[in-house]
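Okay, here we've got a single chain as structure tokens, the form predicted alone, with questions on binding and movement later.
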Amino acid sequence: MFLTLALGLLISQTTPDTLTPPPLIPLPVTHVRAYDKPNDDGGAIVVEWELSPMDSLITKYEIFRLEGSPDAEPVSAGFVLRGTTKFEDVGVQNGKPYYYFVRSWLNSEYMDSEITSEPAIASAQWFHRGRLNALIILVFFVGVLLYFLQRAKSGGELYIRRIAGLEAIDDAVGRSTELGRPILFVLGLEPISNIATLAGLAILKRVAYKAAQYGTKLIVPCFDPVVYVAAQEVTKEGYTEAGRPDLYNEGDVFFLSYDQFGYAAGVDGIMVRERPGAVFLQGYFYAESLILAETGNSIGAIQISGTTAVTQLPFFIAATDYTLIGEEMYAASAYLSKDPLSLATIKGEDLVKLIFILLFLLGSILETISLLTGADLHFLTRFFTTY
């Protein structure tokens, strides 16, 4: 009996300790290193490490920074989930040394790694080396542009292909003059900040110049109040350059409406009443494009349209006599003025675009060959890749 009681007492004292497993302590990460983040403006340090052998059990990795020395008070910089080997600390100051260690958490238990032996110091870099290709392309483009500018200054001939819509401006103005009808110029529905509107104003100046030479009335209804003011000045300048400022009538350039279809209806009414011999639709247009073009076609006017709105180009091509497509509008000012410096910029841009188109085609061919044969022909792809 006594032996039984003693054995029961012994079991009651030892069972809880022997049945409760000891807490599982995580193994630390290894080879922790910290360095300044490359190609940035400073204020960031990258911390890297090798995963703990118990990574599949780890709850998270917490990164600690120590400012100034390894004996400084550690401050938590953040944490990442298991399987991660890199952390970017953006809470640092440039020029100050920082040390780091990584704490591996397994539920409530943790283990710290060794503190980095070398301090990491954040600093700003003057140049992003991952974008060296952009610098090379910029230098090449500037070189081509300077070549054509120098060629223009030395009196060399710069050929630009014929643009039918711009060549027809004089014929359209002449036809209106012969018929004794006015000219209608529409600048689209975008504000003065839109490039297509600026291109339209450049064409308006040429039309105003020719209208002044022939003594033909020019009507310019405007959608935007600021564009209206600019159109007045451009038209007046065109008349002045033609030597006929007396023919300029301020009332022929006016603000019509700021409502899209109200403006379209107003322009259509002008077409029907005034029956212009030439209609210019130059600018950025929306759903009203076909309404305007069809009305102009119905009165028998010669129409020259131009827009950068891709969705409206089919309507202009179908319903007008001449259409300036996209970048042809941007080249209008240089094309009409024949200014050597302006023509040089157009030539330079066109040559650079042609070279890049050829490079992209060559790159596609090389990538296809690499895919089929396994050869390493990715040098063009690597060159055009930025980091």
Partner chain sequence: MSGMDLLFTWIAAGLTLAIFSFLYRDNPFYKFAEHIYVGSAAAYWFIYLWFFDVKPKLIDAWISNTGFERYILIVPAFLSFLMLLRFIPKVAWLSRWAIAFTVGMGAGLGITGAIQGYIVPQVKAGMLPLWTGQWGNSLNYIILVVSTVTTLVYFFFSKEHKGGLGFLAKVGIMFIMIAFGASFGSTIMARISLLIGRLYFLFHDWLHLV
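Positions refer to the first chain, counted from 1. Values in this document were obtained by computation on a predicted structure and should not be read as measured data.
A second form of this protein, the form predicted in complex with the partner chain, is not displayed here; the remarks below concern that form.
Contact annotation for the candidate site: E233, R273 and K347 all lie close to the partner chain in the model of the complex (heavy atom within 4.5 Å). Although the partner is absent from this view, D259 contacts the partner chain in the model of the complex, with a non-hydrogen atom inside 4.5 angstroms. Interface residue remark: G83 is not counted as part of the site for the partner chain in the model of the complex, having no heavy atom within 4.5 Å. In the model of the complex, the partner chain sits beyond 4.5 Å of every heavy atom of G174. With a 4.5 Å cutoff on heavy atoms, F356 counts as touching the partner chain in the model of the complex. Of the candidate stretches 212-220, 190-198, 105-113, 176-184, only 190-198 has residues whose heavy atoms lie within 4.5 Å of the partner chain in the model of the complex. Only one of D36, E328, D321, D55 lies close to the partner chain in the model of the complex, with a heavy atom inside 4.5 Å, and it is E328.
Taking the partner chain as positioned in the model of the complex, the residues of 151-185 that bring a heavy atom within 4.5 Å of it are, in sequence order, Y159, I160, R161, R162, I163.
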